[in-house]
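Take a look at this single chain, the form predicted alone, given in structure tokens.
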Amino acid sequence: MIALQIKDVNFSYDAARIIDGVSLSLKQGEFLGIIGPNGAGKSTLLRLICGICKPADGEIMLFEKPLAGQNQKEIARQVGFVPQETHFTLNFTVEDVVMMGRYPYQQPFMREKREDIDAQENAITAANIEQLRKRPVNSLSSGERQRVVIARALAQVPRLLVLDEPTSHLDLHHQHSIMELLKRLNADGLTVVVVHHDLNLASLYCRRLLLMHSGKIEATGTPNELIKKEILSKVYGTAVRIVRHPDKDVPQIFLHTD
């Protein structure tokens, strides 16, 4: 099944064109990494997929149904969105935060149903945060809090998980932990789309990459097809060197210095 189909989509903020004629097809079960320089339109594309932003024209199909016309709860039952940064004004417990992911299924002022509690427990287990469940969310480290936000999205029981820079500001251990979690979720059948500034992590974990530049798709392909010196030097305006990862045999990028 086609999980996501984007056809000739345009989007502008005021007079500035941010997404320019983008078309994309994503099969169910794929792990897609979206890369590109700052201002390329990556985060805006995610917001269009989640229905947060509406395209000026073009069409977005979600699991073979038009996204236009679906309300936010209907979309949230299919797409889990993890933003780049999440701040909590109130110091909820981890359990409470994960239960927030059940909002697409709940009615106001009604108690959680058995299916809500089961989804909460499954998400906590999947994100490996059982030991944190009673902790106030603002007492957690950045890496722990990111796993909680992912668990909140998983509690929606989505068919598509969309993440915007999920490893930004994290140390090496937590970067690895988050990407291994996404790899495991994808192996279990979840379709994953992740925006990444870290090209090496994207190359290591994503099966397919999409390179954006100035609101357009510059190239798409496997890491071996796309992570090439001539392509990256052109888009990023920086000389790079490409080497092979010694364990995974995928391309890794180094800045070229004199």
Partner chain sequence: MTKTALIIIVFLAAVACGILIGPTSLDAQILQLRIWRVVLGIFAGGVLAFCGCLLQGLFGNPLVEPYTLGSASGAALGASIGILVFGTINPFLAFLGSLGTGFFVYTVARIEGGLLRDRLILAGVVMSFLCSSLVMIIMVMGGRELYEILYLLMGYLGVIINDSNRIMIIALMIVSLGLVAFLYRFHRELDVISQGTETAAGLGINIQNFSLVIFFSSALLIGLTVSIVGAIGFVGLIIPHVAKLIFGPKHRYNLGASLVLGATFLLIADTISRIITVYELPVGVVTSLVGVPFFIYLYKK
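Residue numbers count along the first chain shown, from 1. This structure is a prediction, so every number in the text was calculated from the model and none was measured.
The same protein also has a form predicted together with its partner chain, omitted here; what follows describes it.
*Asks:* Looking at Asn128, Gln72, Ser168, Ser141, which is the one with a non-hydrogen atom within 4.5 Å of its partner chain in the model of the complex?
*Replies:* Here the answer is residue option Gln72.
*Asks:* Should Leu172 be counted as a contact of its partner chain in the model of the complex, where contact means heavy atoms within 4.5 Å?
*Replies:* Leu172: no contact with its partner chain in the model of the complex.
*Asks:* Taking heavy atoms and a 4.5 Å cut-off, does Gln146 contact its partner chain in the model of the complex?
*Replies:* No, Gln146 stays farther than 4.5 Å from its partner chain in the model of the complex.
*Asks:* Against its partner chain in the model of the complex, would Ala56 count as a contact residue? Criterion: heavy atoms within 4.5 Å.
*Replies:* Ala56 lies outside the contact set for its partner chain.
*Asks:* Contact with its partner chain in the model of the complex for Ala187, defined as at least one heavy atom pair within 4.5 Å: yes or no?
*Replies:* Ala187: no, not in contact with its partner chain in the model of the complex.
*Asks:* With the distance limit set at 4.5 angstroms and only heavy atoms considered, check whether Leu201, Pro223 and Ile227 all reach its partner chain in the model of the complex.
*Replies:* Judged in the model of the complex, none of Leu201, Pro223 and Ile227 sits within 4.5 Å of its partner chain.
*Asks:* At 4.5 Å, heavy atom to heavy atom, what parts of 200-220 sit next to its partner chain in the model of the complex? List them in sequence order, or say none.
*Replies:* Result: empty, none.
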